[in-house]
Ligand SMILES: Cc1cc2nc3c(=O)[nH]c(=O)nc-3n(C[C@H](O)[C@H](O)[C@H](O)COP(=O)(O)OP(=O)(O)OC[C@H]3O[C@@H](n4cnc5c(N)ncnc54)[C@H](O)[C@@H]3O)c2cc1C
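Shown here is one chain on its own, the form predicted on its own, set out as structure tokens.
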């Protein structure tokens, strides 16, 4: 019997690539491993609207289509290691599994701070459904919340906590929230919105330690001051889940390096033709911008890269004569993300972090809604707007082109 295609990672990317394989004509066996007990679910709402209500699997689970009804979902099972020389994996129970093609969809996990005080009760991150369930239970009116980090996750969870009646302080080393991504002017507008809702800020600050024995009661900042704290939300970045791939000479320096066909690349630059990576864990060149490989943690990337993986893998597994042509095809997905904070609805296309300048493209008289373009030289590399959804969407096709 033919060895299955094995997908490691049973979240959005894993589901989308299974669906895409079937659409691409692959009819052989597919096995997907996930280390959580849940079927594939949608993660971005966990820090937004879902966290503000009753967090449940039903609120975020993806529907399963008939095309993937025969996929073997092996949940609550972590893959410990892989041996690409023998096309095999070993799970946490010691069982070995062989594959015809391996698809890496393990994504990322939340980075956690390390402090001298070992207390963990009261410390939270937001990446998984269980994370969100635990955090939601702790967000009650009057709860003193410190959010460490002022990126999108930090600002979204701060907004949600305020809506739930918590006292919220954001601590972050940057000058303004989200300035690293959207620029100083946009960041100051975001901060003003949080100020208006009662969020306190301690910018250009770091947490040196926590206070508390059985549970957290406060944090110590790098200037020696302290903040009372019942709940600490750590939103300080992410780490690609690649440890299980160690020892195979893959380039794992920042996620899994791939070519434009999403095939894994070794440290010597050669390609492992039957091993693919997709989504947040993949570092790939995007022809829309340049040939520099990057990891892009935007919501559409798992779907777009899954389609690309399936196109190439299905052709290989079928022994198609057009494999080389398919591998050589231009791959240029337009990254996209959205963020909801209070009644603010943000939508972006491109990679705004590549820009060396930005300019206002459209705005209303009172600046309640606006659209900002991000440029690298004369090239539009990104656009982000508050409101003005149709206007922002109109720039999608222009990303990657010169002004």
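Residue numbers count along the first chain shown, from 1. Owing to the predicted nature of the structure, the values given are computational and were not obtained by experimental measurement.
Unshown form predicted in complex with the ligand; subsequent notes refer to it.
Q: State the residue from 144, 206, 127, 163 whose non-hydrogen atoms include one within 4.5 Å of the ligand in the predicted complex.
A: Only one listed residue qualifies here, and that residue is 127.
Q | Distance check, residue 309 to the ligand in the predicted complex, heavy atom within 4.5 Å | A | Result no; residue 309 lies far from the ligand in the predicted complex.
(Q) At 4.5 Å between heavy atoms, is residue 153 in contact with the ligand in the predicted complex? (A) Although the ligand is absent here, residue 153 would touch it in the predicted complex, with heavy atoms inside 4.5 Å.
Q: Verify the contact flag for residue 260: yes if a non-hydrogen atom of it lies within 4.5 Å of a non-hydrogen atom of the ligand in the predicted complex, no if not.
A: The answer is no: residue 260 has no heavy atom within 4.5 Å of the ligand.
Q) Looking in the predicted complex, any heavy atom of residue 337 within 4.5 Å of the ligand? A) Contact check for residue 337: yes, within 4.5 Å of the ligand in the predicted complex.
Q.
Heavy atoms within 4.5 Å of the ligand in the predicted complex: which stretch in 267-275, 191-199, 168-176, 299-307 meets that?
A. Every other range fails; the passing one is 299-307.
Q: May I ask whether 105, 108 and 241 all come within 4.5 angstroms of the ligand in the predicted complex, judged by heavy atoms?
A: Answer is yes for this spot.
Q.
If you apply a 4.5 angstroms heavy atom cut-off, which residues in 55-89 are near the ligand in the predicted complex?
A. The stretch 55-89, when checked against the ligand in the predicted complex, contributes 77, 78, 79 at the 4.5 Å heavy-atom cut-off.
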